[in-house]
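In the form predicted on its own, a lone chain appears below as structure tokens.
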């Protein structure tokens, strides 16, 4: 019964939390709207989710979210320093190919979104075979270090969470 009502419970929970963050107030009307959206939207999009993602470690996902939030804050200061104080001639932008060990489409999407949300980097393409991401980095004096950091900091955690 609950499976039919909430086909993607994590998505429902995420939508409810995001709704409260957007409206920035806790009222009965906000709760009703959050539950309504959290129930209806997964049903409307379920045709595009034939298989539910398997999250093996839900607490790991919470820790990953906290890590990404921290990295976004730190990266904002790093990008501001680069843009405001680094001479243009010293900025070393680079395209970096990230080979993927992830196979879950949801995990790959989350990795690409994480890279894009973190200031200074953007995921711009995925290989046709789905085994590599092309990432642009604002300042990458050592592109291999950028690749290794993304794989160790984000991809390894996502692999533990989803696979």
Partner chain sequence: MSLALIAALPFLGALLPGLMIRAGRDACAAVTGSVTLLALVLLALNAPTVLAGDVVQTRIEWLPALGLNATFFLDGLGLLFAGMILGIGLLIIIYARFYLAKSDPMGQFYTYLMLFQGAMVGIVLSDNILLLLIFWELTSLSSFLLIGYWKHLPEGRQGARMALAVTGGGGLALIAGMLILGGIVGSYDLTVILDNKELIQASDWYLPALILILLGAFTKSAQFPFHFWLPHAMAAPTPVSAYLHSATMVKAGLFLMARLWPVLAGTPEWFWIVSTAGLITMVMAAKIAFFKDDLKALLAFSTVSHLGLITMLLGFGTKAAATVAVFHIINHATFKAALFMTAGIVDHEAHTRDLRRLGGLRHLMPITFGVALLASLSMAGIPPLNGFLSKELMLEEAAHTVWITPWAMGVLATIGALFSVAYSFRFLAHGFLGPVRDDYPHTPHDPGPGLWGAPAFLVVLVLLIGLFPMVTAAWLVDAAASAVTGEAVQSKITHWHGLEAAALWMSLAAVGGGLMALGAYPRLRALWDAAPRPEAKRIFDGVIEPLAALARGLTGLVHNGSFSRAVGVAVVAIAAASLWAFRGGDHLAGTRDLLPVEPVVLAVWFVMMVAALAAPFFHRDRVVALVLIGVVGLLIAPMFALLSAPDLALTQISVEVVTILLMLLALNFLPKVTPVESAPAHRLGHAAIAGVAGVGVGWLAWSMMIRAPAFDPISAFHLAQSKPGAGGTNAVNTIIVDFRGYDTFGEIIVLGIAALVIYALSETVLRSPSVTRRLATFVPEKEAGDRHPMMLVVSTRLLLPMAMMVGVYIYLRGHNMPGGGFVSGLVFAIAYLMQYMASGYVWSHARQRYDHHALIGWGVLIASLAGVGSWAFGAPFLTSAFEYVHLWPLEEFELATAVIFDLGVFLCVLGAILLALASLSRLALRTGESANTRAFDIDPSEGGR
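What you see is a predicted model, and the numbers here were worked out from it, not measured in a lab. Numbering follows the first chain given and starts at 1.
Here the subject shifts to the form predicted in complex with the partner chain, a form of this protein not shown in this document.
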*Does each of 5, 60 and 63 have at least one heavy atom within 4.5 Å of the partner chain in the model of the complex?*
no
*asked:* Given that the partner chain is not shown alongside this chain, does residue 152 nevertheless sit within 4.5 Å of it in the model of the complex, heavy atom to heavy atom?
replied: no
*Examine residue 146 and determine whether its closest non-hydrogen atom to the partner chain in the model of the complex is within 4.5 angstroms.*
no
*Quick one: does residue 67 come within 4.5 Å of the partner chain in the model of the complex, counting heavy atoms only?*
no
*Is residue 35 a contact residue for the partner chain in the model of the complex, using a 4.5 Å heavy atom cut-off?*
no
*Stretch 44 to 64 - residues with a heavy atom within 4.5 Å of the partner chain in the model of the complex*: 44, 45, 46, 47, 48, 49, 50, 51, 54
